[in-house]
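In structure tokens, one chain follows: the form predicted alone.
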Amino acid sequence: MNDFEKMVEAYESSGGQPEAFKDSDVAHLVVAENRVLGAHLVPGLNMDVEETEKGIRALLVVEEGAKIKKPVHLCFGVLPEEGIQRIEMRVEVKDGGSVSVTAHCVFPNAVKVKHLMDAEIVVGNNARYEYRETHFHGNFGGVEVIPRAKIVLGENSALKSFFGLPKGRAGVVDIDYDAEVGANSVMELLARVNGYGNDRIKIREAGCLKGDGSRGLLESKIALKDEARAEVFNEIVALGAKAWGHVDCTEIIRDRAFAKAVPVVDVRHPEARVTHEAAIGGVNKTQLETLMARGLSEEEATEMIVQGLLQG
């Protein structure tokens, strides 16, 4: 089995659809460490990829007015037990363009692996960008994932970003995103992370609702057990008239796990409104008893509740 086949196999094990890499109507990019193993484009989408010493540098551009019908599939990963991967990516969705991206980051054998993502995302006016990223880190806890993103939305546009790590060890996850939202645009930053053992999770997301009528949602849901720890720092600043935002954090802890949530709301216009909600605690007792009454063991019921929380 060559490296491309191994990456596709890992991609499938993390919930991806490997048939996408054989569909001529689906754009894709497959990267193992600093090697581009496969790439394919479709009309309306331009991609310039350069291999660097420890990763890649990529520019992805959706042309003005282009509607990319099928999701673009990205697969990033490190196959050996040790390695470093740095992804430098700039995404530009020109005015009137739209695209959905499905990304899987896979590290099936990781014992000492570092994955660094530095992204710049610019969404023009009347444009749409959706990015759904799912991680699979194996069961050793030997992965450090450090994504950074700077996001700018124009007017009458929408961006939805989802970071998911529903199963396996998290290792170290350190997310840091900043977004600036134009008039009548909508931003959603969602995170779902599962941690156990001595996993460490840190999420910092900040949204600035600059334009009138702009909206933003920061939502983090985390499940922890054993000695895992998580800290969430989410902030929305509302500057525009009739801007609306919400910060939501839910964390389930078990055993000796530790969780901390710091929602920050900053409203600087009398016609703007930002709300927040944070909940940290054990598994809901009523939900647990209901599932156990239907024949599930306590462990099975707990796992079902946790996975329900982490689905997005």
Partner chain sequence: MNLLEVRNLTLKKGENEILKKVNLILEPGEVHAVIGPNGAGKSSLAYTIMGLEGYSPKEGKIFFEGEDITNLPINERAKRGLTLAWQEPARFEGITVEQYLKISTNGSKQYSSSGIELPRLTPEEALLKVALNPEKYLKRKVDKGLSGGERKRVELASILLMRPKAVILDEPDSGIDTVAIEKIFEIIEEFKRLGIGVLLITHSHKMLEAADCATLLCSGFVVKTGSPEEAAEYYNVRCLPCPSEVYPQEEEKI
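Positions refer to the first chain, counted from 1. A quick note: this is a predicted structure, and the numbers were derived from the prediction, not measured.
Heads up, the form predicted in complex with its partner chain isn't pictured, but that's what we're talking about next.
*Asks:* Please determine whether each residue of Asn34, Val49 and Thr52 possesses a non-hydrogen atom within 4.5 angstroms of its partner chain in the predicted bound form.
*Replies:* Not a single residue of the candidate spot has a heavy atom within 4.5 Å of its partner chain in the predicted bound form.
*Asks:* Test of understanding: in the predicted bound form, would Lys285 fall inside 4.5 Å of its partner chain by heavy atoms?
*Replies:* Lys285: yes, in contact with its partner chain in the predicted bound form.
*Asks:* Are any of the heavy atoms in Ala20 no more than 4.5 Å from a heavy atom of its partner chain in the predicted bound form?
*Replies:* Ala20: no contact with its partner chain in the predicted bound form.
*Asks:* Using the partner position in the predicted bound form, report whether Lys221 sits within 4.5 Å of its partner chain, counting heavy atoms only.
*Replies:* Yes, Lys221 sits close enough to its partner chain in the predicted bound form that at least one of its heavy atoms falls within 4.5 Å.
*Asks:* Ser13 near its partner chain in the predicted bound form, any heavy atom under 4.5 Å?
*Replies:* Answer no; every heavy atom of Ser13 is more than 4.5 Å from its partner chain in the predicted bound form.
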